[in-house]
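For this one, two forms of the same chain are given in structure tokens, first as structure 1 and then as structure 2.
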Structure 1
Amino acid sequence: MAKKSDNPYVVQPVMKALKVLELVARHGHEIALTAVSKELRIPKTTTFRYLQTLTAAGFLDHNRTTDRYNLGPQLRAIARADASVSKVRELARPAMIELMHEFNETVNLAVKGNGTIVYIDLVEANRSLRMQARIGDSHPMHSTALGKAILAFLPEAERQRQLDLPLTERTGRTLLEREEIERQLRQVKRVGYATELGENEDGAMCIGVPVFDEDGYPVAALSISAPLMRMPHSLAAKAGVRLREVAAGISTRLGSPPPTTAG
């Protein structure tokens, strides 16, 4: 009675529960326990448990008056987040390639995670010494230009919450003093770009700018990273200005209101 798959690692309860989720989702709207059970040929008790579990996890929503289930907030949130990331990546890619050629350095794109930034795309300069990051890697917010760019433009309450978390020390130069960080963030907000000098990785530096979504929220950041020795102050400033322009273009295309560059 080999059923679903030849893959011996498939966990049956999980697989069946996913079928339930799928059925409910594809149904378009509110469906009752018995209907799901009949449709999937899964005993009512088992179906009941899956529906309960999916609901507890927020993937489904249980309407107590009609005793029916439909898609839950969790799934919608995931979908929205994914769509947002996809869109940012798509919009940013051409600009990133252009920037890479312009400065001949690696260009990074990251989104805001929970207390961290997560790299979602990068275009490497071929003369890059070694890879700085990989897609999917996550780094602390306070030790990267990407993170600082986002932090600076976060709503006050959320920024405070972020800075309340323990700040990990990545290198000897990583900023750990709250005072100092907040001073820098104000500076970032003023000039519109963030700089990080060997604070995340020894010998490497980075210039980052935020990308805003339609609500003016900094969902992502764009950066140019380089070995410290290859990026003098003057060039960094130039890069910052260019990044700011490019990011503003992306933000606009994401439906963002005009950037709040002014302090």
Structure 2
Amino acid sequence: MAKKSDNPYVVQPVMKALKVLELVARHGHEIALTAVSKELRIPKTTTFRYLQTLTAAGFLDHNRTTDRYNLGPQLRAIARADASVSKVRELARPAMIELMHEFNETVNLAVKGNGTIVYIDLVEANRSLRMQARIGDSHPMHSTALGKAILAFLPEAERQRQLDLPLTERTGRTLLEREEIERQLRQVKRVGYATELGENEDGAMCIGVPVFDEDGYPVAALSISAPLMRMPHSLAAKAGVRLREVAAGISTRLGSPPPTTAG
């Protein structure tokens, strides 16, 4: 068993449960309770509780026939999600650099959180006035072009669950009326890209498009952000079309061409 941490904030039972999970993952195939208990030097009754808790949470799978444990669906889903995000970032990066040079504005890449989008990459323009987002930041889905681009193409039930979450007011222009948000999302689905005008950050504009995985699911979104004064309507429309083309290329390389749009 690993040395006990000197950090007073570490919850030791959680740490031990994670060690159990790590051991099962490293084992590579089904492993018995007694083997886990012996290798980690944890009493069998305690080990059993850890294994059953991890199984209930979906991180492990318990084969009742053999009474052995293996990796569960939740852990595999997390691994797939991490691999998917890494692949999207790798495929999108060259296109993001190209878009930044083409429009001389910041280009963002984000994925869906719980009612939010999380920035996983950005390429900043070399200009004095730039947007405030940073990698790792999370912003509401309903107030960002990135979020609207994802929301518009989510399965209906999932979209409604996202919109049922509390709607945060980021600026005086943030949309909070459900009916108006859903009207905008229908428009986004028709034209293939989303826009937001000062709804997430005062004085800023953003144009966003979805990126689809092999199942046709909006796994990420790509956007160009700029101060409103540098993004007139004609340039925003051009950016939307260009973003849509770039996202279609990334989606195709992920295995799923984006849905046909009318715009």
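When a residue number appears, read it as a position in the sequence of structure 1, where counting begins at 1. Definition used throughout: the rigid core is the maximal C-alpha set that superposes within 1.5 Å between two forms. Note that the structure is a prediction, hence the values are computed from the model and not measured.
Colleague: Pick out the form predicted alone: structure 1 or structure 2.
Modeller: The chain shown as structure 2 is the form predicted alone.
Colleague: Among E214, Q162, A81, F103, which sits at the hinge where the C-alphas switch from fitting one rigid part better to fitting the other, between the two structures?
Modeller: The residue sitting at the hinge is A81.
Colleague: When C-alpha atoms are superposed, by how many degrees is the smaller rigid part rotated relative to the larger between the two structures?
Modeller: 16 degrees, smaller rigid part against the larger.
Colleague: Superpose the two forms on the rigid core, then give the C-alpha shift of M15 between the two structures in Å.
Modeller: With the cores aligned, its C-alpha sits 6.3 Å away.
Colleague: How much does the C-alpha of H62 shift between the two structures, in angstrom, given a rigid core superposition?
Modeller: That residue's C-alpha is offset by 3.1 Å.
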